[in-house]
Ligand SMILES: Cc1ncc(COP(=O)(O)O)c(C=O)c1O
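Okay, so here's just one chain, in structure tokens, the form predicted on its own.
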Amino acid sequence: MKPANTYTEHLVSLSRSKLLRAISDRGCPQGRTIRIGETQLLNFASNDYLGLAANAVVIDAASRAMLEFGLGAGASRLLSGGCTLHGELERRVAAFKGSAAALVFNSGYTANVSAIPALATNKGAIFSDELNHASIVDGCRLSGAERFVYRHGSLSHLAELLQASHKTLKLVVTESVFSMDGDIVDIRGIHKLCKTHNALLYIDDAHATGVLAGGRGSPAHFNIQPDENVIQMGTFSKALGSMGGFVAASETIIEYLVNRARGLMYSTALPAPIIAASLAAINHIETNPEVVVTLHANIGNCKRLLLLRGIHVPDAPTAIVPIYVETVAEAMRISEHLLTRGIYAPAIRPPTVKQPRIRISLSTLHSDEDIERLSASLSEAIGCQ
């Protein structure tokens, strides 16, 4: 059999199972509404939680930086790729997240597949939540460390695994806000376990940064003061509306990552306009706290309306609202119904998740009318009254 036939057969199988994916590029900026082809749609599928991706202040900062520093970075940070804005952003991130230092990566994915292998090493042990993001899973695999997977959010299971391990270097890795379920795990409890068992705590705060605790994320939400054993990873590409990832930690950890994180060492640096946009986004959140307040008002309103219509949703103060269904076909049917009502909320299917769902993402930009339209349309599709 020719190799190409193998791939063709795989695509045919995906299509039959309603798991074939295709790219639908928009013809407009990211925002409350988007245009796909000739159709204008109300957008409930974006991680732009605070509406900063097309914010005028953020765009202006990027434009000014491009005029001053140019576009392409031209090299890695360890050569000539960084500019003064990169260091400024790292200092701002460290202060924003309550850590001693920070390091910028080209994406959240790059941060995880670079930092986790560097920190765990092939002599350590990693303890990873079973629902962790693919980038965490890949980072754990790349590490060569002994790997243990604990039941989602289970402190008791994690405690058992930590107690049984004889490794001197232990790294507990978890998302704070889980990207497909929108739930928040007990970071305070996990932090206590890490202290008890002398383990490092690596928090993927991608969907909590900009959302929880006035935007500062899960440690602030749980009143945890980051110490030398707490490592926060986050992104600029979600609530901050820009691009890139970061790790915030002790000065020792950050210096170590500068010397060991392959995604930093062997990647061309992010362009200065992107860095400037991220700086402007952090400044905007700190000087305009109402943007986070508005987001949470929308979260509360959406969940209230869905519950009034008999649609069960998890009770968590996050911008991710999953609508669980039993089959892929049902998820596809609901998503297609929403499209007929001018609402963009694609079905989330295996292998991304085991249980199919519609994943609603809320934004500061959504109006009460938008949320009412969404809840009414979902009610129509699901058959609830």
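A residue's number is simply how far along the shown sequence it sits, counting from 1. Owing to the predicted nature of the structure, the values given are computational and were not obtained by experimental measurement.
This protein has a second form, the form predicted together with the ligand, left out of what is shown; the following refers to that one.
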Report yes if any heavy atom of Ile203 sits within 4.5 Å of a heavy atom of the ligand in the predicted bound form; otherwise report no.
-> no
Heavy atom to heavy atom, is Ser135 within 4.5 Å of the ligand in the predicted bound form?
-> yes
Would Glu175 count as a contact of the ligand in the predicted bound form, using a 4.5 angstroms cut-off between non-hydrogen atoms?
-> yes
Flag Ser179 as yes or no: does it have a non-hydrogen atom within 4.5 angstroms of any non-hydrogen atom of the ligand in the predicted bound form?
-> yes
Per contact check vs the ligand in the predicted bound form (non-hydrogen atom within 4.5 angstroms), the hit among 259-267, 107-115, 122-130, 286-294 is 107-115
Candidate spot His207, Met233 and Lys238, all three in 4.5 Å heavy atom range of the ligand in the predicted bound form?
-> yes
Let me know the one among Gly215, Gly244, Pro219, Pro273 whose heavy atoms come within 4.5 Å of the ligand in the predicted bound form, would you?
-> Gly244
